[in-house]
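Quick heads-up: it's one chain on its own, the form predicted on its own, in structure tokens.
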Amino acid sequence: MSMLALLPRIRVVLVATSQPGNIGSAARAMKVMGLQRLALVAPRAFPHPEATALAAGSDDLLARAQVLPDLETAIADCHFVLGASARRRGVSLPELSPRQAAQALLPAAGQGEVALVFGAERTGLSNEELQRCHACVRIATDPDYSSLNLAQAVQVLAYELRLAAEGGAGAEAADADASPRERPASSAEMERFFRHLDQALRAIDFHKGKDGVTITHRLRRLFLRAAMSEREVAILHGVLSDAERMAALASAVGESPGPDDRPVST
């Protein structure tokens, strides 16, 4: 498969964009590099004349843009998601340069739905939103003035994707899409798994009275790194269901925790 043919598969998601002109400018930045799929999460104003004016000929992208209520919905069918972040936050994620991000996204697009997510102009992506991403992308800037316009950030990433596609980066991984393989788990499937995991850990009293937030975040990162298939997630659901069943049976007969049931260090 041609790497250039993968560009239209990549979804650009803009979250809570406050300035409609930035939506139009981002659409223009996308189209000139061959990206065609735009999703808007809770934009302040769209459609809007300013978005149309600054789209400058990329009105077709605006016409096809999906408007969605939240990020979870926007990436539900994606198996690989990268979030663009202007600054380091309290979320420990693998950090990629724009070039590394492009080289990761293209072969992933050959396996299924992928997304590149940008946050609101003033605040960027929240910690909760970044938790839904497999890695974050940071554009190197001068530390004395690191402010980058949303549409400029989209342009930088779109250019790197175009450059990688024309250079054939990751072509072997994309060609492997022609051979039989298990479907990667989607974001929605992973979120269902994380909810089940949390439910099962509480059923077996894994956290021993603690809130378990740190452990939960670490487990999210571990399983997202694993890039599991739909079948693998189904297997883990079965494991969790059995753990819940055994916990319920133990509770019914009044068994107490064993001597080795100690709290796990976070």
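All residue numbers are counted from 1 along the displayed sequence. Remember, predicted model here, so these are calculated numbers, not experimental data.
Although not depicted, the form predicted in complex with a small molecule is the subject of the following passage.
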Per contact check vs the small molecule in the predicted bound form (non-hydrogen atom within 4.5 angstroms), the hit among 114-122, 99-107, 190-198, 73-81 is 114-122
Residues Val137, Thr141 and Leu148 all lining the small molecule in the predicted bound form, heavy atom within 4.5 Å: yes
Q.
I'd like to know if Leu93 sits close to the small molecule in the predicted bound form, meaning any non-hydrogen atom pair within 4.5 angstroms.
A. no
>> Does any part of Ser85 reach within 4.5 Å of the small molecule in the predicted bound form? Heavy atoms only, please.
In response: yes
